[in-house]
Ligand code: ADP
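Next up is one chain by itself, shown in structure tokens, the form predicted on its own.
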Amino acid sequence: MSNYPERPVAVLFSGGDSPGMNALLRAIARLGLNRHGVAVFGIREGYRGLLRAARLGSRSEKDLFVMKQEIASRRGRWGLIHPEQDIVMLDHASVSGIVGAGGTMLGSARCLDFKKPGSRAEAVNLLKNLNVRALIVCGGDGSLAGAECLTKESDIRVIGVPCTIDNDLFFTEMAIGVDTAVGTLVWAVDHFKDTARSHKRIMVLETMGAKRGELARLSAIASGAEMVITPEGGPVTMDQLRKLAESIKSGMEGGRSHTIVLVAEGVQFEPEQYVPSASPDQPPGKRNRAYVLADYFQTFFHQQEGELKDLEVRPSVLGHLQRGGHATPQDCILAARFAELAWNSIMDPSERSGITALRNGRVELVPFGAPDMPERAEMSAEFSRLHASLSSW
């Protein structure tokens, strides 16, 4: 097939989306075309789209031939408007104008099927049949774990790129999307403050962060939120809840006009709190962290004397608002730097598979399974102390 590229590079986005993914896709495509003269295949919907294509291409030699023909002939935007085409050869026009756009134009998805070794073998077989020289996987810890499995089970070069607003990958100082998400949370806190000040209220806002509280911590410092609660401290006991409420009371008695509390979604309570079941046949479900805290604080203040007895507490779960929006310049720049590092590694025969990382301000390729940077834990502790000093009243 004369117009099918010799040794293309494939890229996919997996798991939760984060701002800056489109900037990364544009950088990968443009660097491949402009600097290295290598075609770039975009795979729709992450591992799910890769497996769909693998199963289609493995049915017969004819199906594989047809797939290659479609990839070669329906390029760029022409391929992207055909939803049944899971692999699209990108060109300049197809990635034009997307540098700051949120989400990912290729789509992303979670794929439990990819956890099966047999499914991953199907994906490897397709990549080899398409003569792919390397696969770039962009996503969080689960996506990169899948990429690591591919490196262990095949000889395909795999480059991981950390894209997650949680910033819970401690082998790198920063992941793509964190800066934008912090900015979004600061914007949200600013808007909640208007009502909180007007009514002298406590606002409890739940942020993302299932395992670590980096996003909440950074946002609390940048927004001036008075309190931040993260998973790193372990389950929050009833005694700790009382101390948190006493701290809020002290600040309000000292003249505070409001209190903003940020709580990461991964925070646990001891004993755990639950919402009532919808029916006797259904198991109880865990309540949102913001609502657990708000209920406790509201009960606490209703038991007080004087004006604080009427203090109102309002919870809000910010949810996927944090993932969207126009990527900040910082995220777009980091995406370009990670893309360049990925290409440098792919084109260097002496390099191996690995993950792009930001360390001490420099981009480096670290091996899959790289240990956490000690500096990250130290920095988190420093941020916690800094916030405590800034928010004291």
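Note that the structure is a prediction, hence the values are computed from the model and not measured. Numbers for residues come from their place in the sequence shown, where the first is 1.
Same protein, other form: the form predicted together with ligand ADP, not shown, and the subject of what follows.
Though the partner is left out of this view, Gly146 does reach within 4.5 Å of ligand ADP in the predicted complex, counting heavy atoms only. Mapping the unseen interface onto this chain, Gly140 counts among the residues with a heavy atom inside 4.5 Å of ligand ADP in the predicted complex.
None of the heavy atoms of Phe192 is located within 4.5 Å of ligand ADP in the predicted complex. Not displayed here, ligand ADP is approached by Phe114 to within 4.5 Å at the level of heavy atoms in the predicted complex.
Judged against ligand ADP in the predicted complex with a 4.5 angstroms heavy atom cut-off, the residues Lys249, Arg256 and Phe301 are out of contact without exception.
Proximity to ligand ADP in the predicted complex, defined as a heavy atom within 4.5 Å, singles out one entry of Arg120, Arg289, Arg157, Arg212, which is Arg120. Residue in contact with ligand ADP in the predicted complex (any heavy atom within 4.5 Å), chosen from Arg133, Arg110, Lys200, Arg75: Arg110. Only one segment in the set 146 to 154, 229 to 237, 263 to 271, 306 to 314 has residues whose heavy atoms sit within 4.5 Å of ligand ADP in the predicted complex; it is 146 to 154. Shown without its partner, the chain has no residue in segment 71 to 104 with a non-hydrogen atom within 4.5 angstroms of ligand ADP in the predicted complex.
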